[in-house]
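The data below hold one chain only, encoded as structure tokens and taken in the form predicted alone.
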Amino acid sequence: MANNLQTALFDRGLIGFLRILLRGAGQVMFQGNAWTGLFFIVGIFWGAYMSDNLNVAWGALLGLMSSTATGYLLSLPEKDGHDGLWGFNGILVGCAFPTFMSNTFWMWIALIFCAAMTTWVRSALNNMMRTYKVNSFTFPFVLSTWIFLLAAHLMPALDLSNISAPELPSHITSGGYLYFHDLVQYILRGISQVFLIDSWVTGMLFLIGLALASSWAALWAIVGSALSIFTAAALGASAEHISHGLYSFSAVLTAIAIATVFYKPSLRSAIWALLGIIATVIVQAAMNVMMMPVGIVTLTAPFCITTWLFLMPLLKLDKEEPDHSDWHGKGSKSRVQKS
């Protein structure tokens, strides 16, 4: 098993392995492109530095490397590793743990283990879901992180420093105001929150990275974030949560997935994606309420659930027979850019 990792590191060169890692970062938004991944990494570091928590950036790198290395150690299909599909769940774990837990030795050990865990959890979930012609998306990250966050309530060594205590849900009035002149910042924050970063500059860097791989993906990231803001505001959601992108990040992923990856861009797929964005906002609110009593956060679960529900009907929105089980399979290969 270790020979596979040695091959990746030495026979192909460190530059080749670095390219695989960067593709893993890009695959969070469905782009197997090293340049996209590089802009994502730069955006994470900027946002982490500006929020005075660089541990988030270092955690992202550590999670990315841990999950990617695990794929080689387990001798999983090498094509997935080459395309960066072992790394995207791990980098999200790396962003989440320093965000929600204190900087302790055991947090870092748990981060490494949880990031590695996402690689085999992804393989298991994809095997189960292939029958329904969908794949697990970022749910390996969600499921694995939920397990650790729940366990942290009874394990003080995994100190939860930035997460609400379990509480019964109650009616929440919107409160606060949204300002039209800040709309661009709200949209960009929604994009940055995909990696749990609250920074409009980071959102701009993410958009540049997306545009390098797919102009359609960049456009739909903007549409997903903007429409989610208007939807949440119209339904009276918390203005503070809306302005910091907390109703947008899952909608951004839903928009990119439906409109640009699993269906060819068209009027029909655009309408379907717009409906998916609106549905994601509602699922987000519902899951926020559902998670309150257990004291954990939704992460990207609203994106996963909504996108499954919009893909599993296997609607023929283009001429091709839909098969959403493989990002690089029929119906999506031509739209996933690599570098």
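The first residue of the shown sequence is 1; numbering continues from there. Only a predicted model underlies this, so the values are computations on that prediction, with no experimental measurement involved.
Although it is not shown, the form predicted in complex with another copy of the chain is what the next lines describe.
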item: 4.5 Å heavy atom contact, G176 and another copy of the chain in the predicted complex; value: no
item: Interface membership of F88, another copy of the chain in the predicted complex, 4.5 Å heavy atom rule; value: no
item: 4.5 angstroms heavy atom contact with another copy of the chain in the predicted complex for Y186; value: no
item: Another copy of the chain contact at L315 in the predicted complex, heavy atom, 4.5 Å; value: yes
item: Site check I147, L150 and L235: each within 4.5 Å of another copy of the chain in the predicted complex by heavy atom; value: yes
item: Contact stretch among 217-225, 79-87, 248-256, 130-138 - heavy atom within 4.5 Å of another copy of the chain in the predicted complex; value: 130-138
item: Selected contact from A270, I282, L38, L61, since only one has a non-hydrogen atom within 4.5 angstroms of another copy of the chain in the predicted complex; value: I282
item: In the predicted complex, residues of 151-167 near another copy of the chain [heavy atom within 4.5 Å]; value: A151, H153, L154, M155, P156, A157, L158, L160, P166, E167
